[in-house]
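Taking the form predicted on its own, here's one chain by itself in C-alpha cells.
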C-alpha cells in the first residue's frame, strides 16, 4: 500500500493535521495495521519536500506548533497518476510454502503434514475474515472478500499439490 498516496487522497477532502490524517487512515485502512504517528509525520515531511502538500495553517500551542497540511495541485496530479497505473499482478513464484514442501520432500519429512497444517491455518483465517466481514461495513466486507478469495486460491493450490505429492517427490529426488 502506498501510504503517501493514501494520505494525499485523504487530504483531497480538505486540509488536516497529521493527527486527523492518522485517524482517518486508521478508520478506513488501518484495521490490521494502524499507522504510527512517526510514519505519518515523516511521510508528510517528504510530501512537503516534494511539493505535493503545503502547510496551510500553523497553530501555536502549549507544545510544538500544530501544522495543518493541504494537498497541492501537484499532489492531486500525483494521486491521479497513481490511480491510473495498474498494480502489478503478483506471480507468487517465490513462495515460502512451496519451499517448505520441496524441503520436506528433499529431506524425507512429511510434506503432506506441512500442507495439512497450512490448510488448517488458511481455513481458520477464512473463518475469522468471514466473522469480521459480517460485523463490518461494506468497505470492510470488500477487503475481507479480497483476502478470502486469495485464501480460496491458496486452498485450491494446496489440494492440487497434495494430489501431486508422490509425483513431485519422485521428480525432486531424481
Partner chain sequence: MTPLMSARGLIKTYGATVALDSVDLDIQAGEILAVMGPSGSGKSTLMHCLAGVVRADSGQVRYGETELTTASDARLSALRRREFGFVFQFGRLVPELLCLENVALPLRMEGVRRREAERRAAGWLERLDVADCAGKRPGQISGGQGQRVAIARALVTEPRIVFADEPTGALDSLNGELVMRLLTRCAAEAGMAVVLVTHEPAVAAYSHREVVVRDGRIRTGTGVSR
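Between two forms, the rigid core is defined as the largest C-alpha subset superposing within 1.5 Å. Computed from a predicted structure; not experimentally measured. Residue numbers count along the first chain shown, from 1.
Keep in mind the form predicted together with its partner chain is missing from the figure; the text below concerns it.
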Residue among 35, 70, 48, 112 with a heavy atom within 4.5 Å of its partner chain in the model of the complex: 112
Its partner chain: the contacting residue among 27, 58, 120, 106 in the model of the complex [heavy atom, 4.5 Å]: 120
Contact check for 145, 159 and 162 against its partner chain in the model of the complex, heavy atom at 4.5 Å: yes
Exercise: residue 66 in contact with its partner chain in the model of the complex, heavy atom 4.5 Å: no
Contact test in the model of the complex: residue 155 vs its partner chain, heavy atoms, 4.5 Å: yes
In the model of the complex, is there a heavy atom of its partner chain that lies within 4.5 Å of any heavy atom of residue 134, even though the partner is absent here? yes
In the model of the complex, does residue 130 have a heavy atom within 4.5 Å of its partner chain? yes
Taking the rigid core as the superposition reference, indicate whether the CA of residue 109 shifts 2 angstroms or more between this form and the one not shown. yes
Aligned on the rigid core, do the two forms place the Cα of residue 158 2 Å or more apart, comparing between this form and the one not shown? yes
